[in-house]
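Only one chain is included here, represented as structure tokens and corresponding to the form predicted on its own.
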């Protein structure tokens, strides 16, 4: 395995405190591969053969049922997916595909479980990451069930604004059809929601978003750290 991705993976909180010999053993069967956009990496229901680490690019986690499909999350560098299936040796509950050209490290799941059994620091890091994933799921459920479609969109835009450095104008990080899926809306409902937010200080030009009245927009959205703060 090349030195560069080796170091990038080692710096992740999940791997940073484990013993050197255990990390080397874990990386022995790992490899890095480049994928073009729109390549399906895993399929829900299949065995969890690998733990994936996104080193560059981005990955869409999605699910499909009865001719319907929904996006569940976006994975960006440098982070893993889907850890729970790897640890449980269970089928994937989501599928994953690249959104753009991406570089992915694949670590055999059986090696992850073997090192989990012998390295206490690695085991504690896995528990911490799984706890954070659980809390993220709870926040997503609260966002979906406690807010109207306008409130979900408004708070998503505020979160995106923070990721963009707090500027008045910023770009959506993906196209609107996928955004509708992430927010649990149809494309038509999303279009109406954008129009519905205009009286609160929102301007939209394609994927360019401008919040012209920050105070009024936040008064409407009512952001809540117990839903919107991804760091807790």
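Numbering follows the first chain given and starts at 1. None of these values were measured; they are calculated from a predicted model.
The same protein also has a form predicted in complex with the DNA, omitted here; what follows describes it.
Peer 1: Look at the stretches 159-167, 26-34, 54-62, 172-180 and give the one with heavy atoms within 4.5 Å of the DNA in the model of the complex.
Peer 2: Every other range fails; the passing one is 172-180.
Peer 1: So which of 121, 136, 128, 148 reaches within 4.5 angstroms of the DNA in the model of the complex, heavy atom to heavy atom?
Peer 2: In short, 148.
Peer 1: Wondering, does residue 46 line up within 4.5 Å of the DNA in the model of the complex on heavy atoms?
Peer 2: Residue 46: no contact with the DNA in the model of the complex.
Peer 1: Taking the DNA as it sits in the model of the complex, is residue 184 in contact with it (heavy atom to heavy atom, 4.5 Å or less)?
Peer 2: Judged by the heavy-atom cut-off of 4.5 Å, residue 184 is in contact with the DNA in the model of the complex.
Peer 1: Is the gap between residue 69 and the DNA in the model of the complex 4.5 Å or less for some heavy atom pair?
Peer 2: Heavy-atom contact with the DNA at 4.5 Å: absent for residue 69.
Peer 1: Please check if residue 188 has a heavy atom lying within 4.5 Å of any heavy atom of the DNA in the model of the complex.
Peer 2: Contact with the DNA, yes.
Peer 1: Along 191-217, which positions have a non-hydrogen atom within 4.5 Å of the DNA in the model of the complex?
Peer 2: Heavy-atom contacts to the DNA in the model of the complex: 191, 192, 195.
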